[in-house]
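Coming up is one lone chain in C-alpha cells, specifically the form predicted on its own.
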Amino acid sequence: MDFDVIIIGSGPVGLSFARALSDSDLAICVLEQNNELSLSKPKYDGREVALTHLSKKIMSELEIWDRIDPDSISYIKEAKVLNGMSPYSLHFNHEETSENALGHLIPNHEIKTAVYESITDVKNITLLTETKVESFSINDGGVSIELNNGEILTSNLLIAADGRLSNARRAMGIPSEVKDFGKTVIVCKMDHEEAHNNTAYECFHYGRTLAVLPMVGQCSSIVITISSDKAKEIIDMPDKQFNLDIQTRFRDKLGEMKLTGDKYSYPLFASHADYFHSERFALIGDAAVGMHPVTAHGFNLGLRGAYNLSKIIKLSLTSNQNYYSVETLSEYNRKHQLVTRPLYYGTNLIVDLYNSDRVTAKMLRRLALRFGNNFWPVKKLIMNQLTETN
C-alpha cells in the first residue's frame, strides 16, 4: 500500500498531527500496535493533563477541543509553589494576565478519546491497529516499511511518534539524551472537605514532591514523585493511612482528604533527541522530547511541535517544494529545538535543585522562590508560557 505520510504511534500527538495534515491532499497512514477499542474507549489512567492556552487554540482549530466533555474541564486560576514546610510560596494568579485562567486540567483519557474521534471520519487518514513495524528502510526513492503480517507499506515521509524510548528514532541512529531520575510518579484522585478554589499546588518536600491539582468539583489530582525504592510502600499503603499522610503533608489546606479509586505509578525519566529530522523522517511528541511532568510541558510541547511541522509541510506543498526533504524538515527541527531545549534543560535544573538535600541547595531554593515572586520579568515570562496563544 502506498501513502504520502506514515506515522508510527497513535497517541494524542501522533493523531493530532494526522488531523492537522488532513486538510491537505496527502494520503496519511497511522500505525498502532494496540487494538482500536483501546483508542476509541481508553481506560482512565489516573493522569490529568494541564493544557496551555496555545494548546486549547490548536485543539480548537483541529476540531478536537469541542469533543471534550466540558464537565471534565477544570480551570486553573492560581498556582503556588511551596518549598519544604515554609509557608512562603511563589504565587501565580490569572488576574495578572489577560486570560480568565492560567490553564485547563483535563483527564488524559478524555483527550485521547477526543483526538481519536476527530480522525475517524477523515477520508485521507487510514488507521491500522494491531500492527507492528518489523523494519523500515529509507533511501532516495522513499520509505519502505515491513509490518508484522508481512505486508509492505511505502511512503514519502515517515513520522515517529512512538514514545520516549522510540524504536524508530534508534533505528535511524539519532542520538538522544535519556535522563533517568531514579524516581516514580504516583497519581491518584482524592476528594476533600474544603474547596480548592481552582488553585494548583506544587510542594517540594525533602525527598519527594507533592502536586495537588484542582479537578472539577470538590476533588483534586494528587501527583507524588518519590524515589523508586520507596514507591511500593506508598502504593501498598492502606487507604486510611494514605489519606492522613497526604492530608498532613498538605498541612490540612483542604481539610479531610479521601482517596477515590486506584493509585497508578509510572517510572520517571526525560529525554531529548539531538535532532528531530533526517531525510524523509521526523520525530514528534515524546519521541522528540519527553519532559519531566513538574512543569506540565509534555503534551503541550508535543502538540505544538506537531502542529508547527504540519504547517511547514503544507507551506512546502503550496510552494512546490519537497515536503519530505531535509531542507523542509530542518525548518521544523530549528524551530522546535529553539522552544524545547531551554525548557528541557531548565526544567531538569529546577528538578535537581528542588530534589537536593544539600544545605546550599536549600538556600538557593528559598532565594529562587522569592526572586521569582519579586522580579516581575521572570514571573511574567513563566505566566506567558502558560497563557500565550501564538
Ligand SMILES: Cc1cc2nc3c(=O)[nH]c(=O)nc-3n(C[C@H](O)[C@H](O)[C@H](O)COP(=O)(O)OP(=O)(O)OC[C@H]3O[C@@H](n4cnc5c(N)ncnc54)[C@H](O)[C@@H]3O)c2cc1C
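Note that residue numbering follows the sequence shown and begins at 1. All values reported here derive from a predicted model rather than from experimental measurement.
The protein also exists as the form predicted in complex with the ligand; that form is not presented, and the subsequent description refers to it.
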item	value
Stretch in contact, per heavy atom within 4.5 angstroms of the ligand in the predicted complex, of 298-306, 230-238, 270-278, 249-257	298-306
Asp286: touches the ligand in the predicted complex, heavy atom cutoff 4.5 angstroms	yes
4.5 Å heavy atom contact, Leu21 and the ligand in the predicted complex	no
Pro107 within 4.5 Å of the ligand in the predicted complex, heavy atoms	no
The ligand contact at Lys123 in the predicted complex, heavy atom, 4.5 Å	no
Contact residue in the predicted complex, chosen from Arg67, Lys335, Lys57, Arg47 - any heavy atom within 4.5 Å of the ligand	Arg47
Listed residue (Leu157, Ala161, Leu102, Ile313) with a non-hydrogen atom within 4.5 angstroms of the ligand in the predicted complex	Ala161
Triple contact flag Val13, Asn34 and Tyr266 to the ligand in the predicted complex, non-hydrogen atom at 4.5 angstroms	yes
Residues of stretch 172-199 in contact with the ligand in the predicted complex (4.5 Å, non-hydrogen atom)	Val185, Val187
